[in-house]
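Here you get one chain, nothing else, as structure tokens; it is the form predicted on its own.
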Amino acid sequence: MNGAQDMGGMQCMGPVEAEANEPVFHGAWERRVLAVTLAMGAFGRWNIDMARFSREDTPAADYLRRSYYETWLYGLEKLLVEKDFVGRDEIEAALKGGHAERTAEPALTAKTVLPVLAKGSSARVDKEVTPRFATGDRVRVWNRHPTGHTRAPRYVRGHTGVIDRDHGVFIFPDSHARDGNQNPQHLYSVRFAATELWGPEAAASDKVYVDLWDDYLERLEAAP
């Protein structure tokens, strides 16, 4: 979607200020937000792409004024209501010092947190899928602007590049975020000339590499 989180290639957003000796968490509440997000995700009622979209689907002004973990908390609240873990009225009551009436046995206990984090997960799919493109193919990114989650950055849409390598078969995030359909397909590293993306003022020798799925790309005729 064309949300505030898609800042690639945008100007006037200011520099990224690196904080010296930055702590992992800036407050105990941030640690708790991460813990609760992991604990609730363990129920398996949503996937990582659904979680990403819950954070992205935010009015731009709100997204830009919130801190990182405030955005996580906002997205988690939406998922908890959508998946009927709690009602919006229960959240409002909790903010006033009340307690939610519904309870559930935890899917992730304190003892199982570290093994789960150590194990991790992968979006790679062990399935034979015919690739639509090969290394060296000229392609153009479809200039589409979906209302749901997408991993096609706005700054490459409509632009032409070359398939640099095929990473293999992966879950397609757009459908995965929408209804859980993995729709496995090939993921490619696509090489763009900087001048293609930023115009003649960019350095002619610079290249930009972006990972893009089959459904984001269309084939172009070979260069003469």
Partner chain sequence: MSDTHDDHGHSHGHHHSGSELSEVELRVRALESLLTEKGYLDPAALDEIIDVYENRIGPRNGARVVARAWTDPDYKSRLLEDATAAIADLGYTGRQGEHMVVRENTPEVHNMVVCTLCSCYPWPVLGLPPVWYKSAPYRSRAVIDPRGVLGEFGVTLGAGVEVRVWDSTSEMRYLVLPLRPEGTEGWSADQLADIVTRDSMIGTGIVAAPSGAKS
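Residue numbers count along the first chain shown, from 1. As the structure is a prediction and not an experimental result, all values here were calculated from the model.
The form predicted together with the partner chain is left out here; the points below concern that form.
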Residue contact check: residue 133 to the partner chain in the predicted bound form, 4.5 Å heavy atom: no
4.5 Å heavy atom contact, residue 121 to the partner chain in the predicted bound form: yes
Contact flag, residue 105 vs the partner chain in the predicted bound form, heavy atom cut 4.5 Å: yes
Contact test in the predicted bound form: residue 57 vs the partner chain, heavy atoms, 4.5 Å: no
Interface residues of 5-41 toward the partner chain, as seen in the predicted bound form [heavy atoms, 4.5 Å]: 5, 6, 7, 8, 9, 10, 11, 13, 14, 15, 16, 17, 18, 19, 22, 24, 25, 26, 27, 28, 29, 30, 31, 32, 33, 34, 35, 36, 38, 39, 40
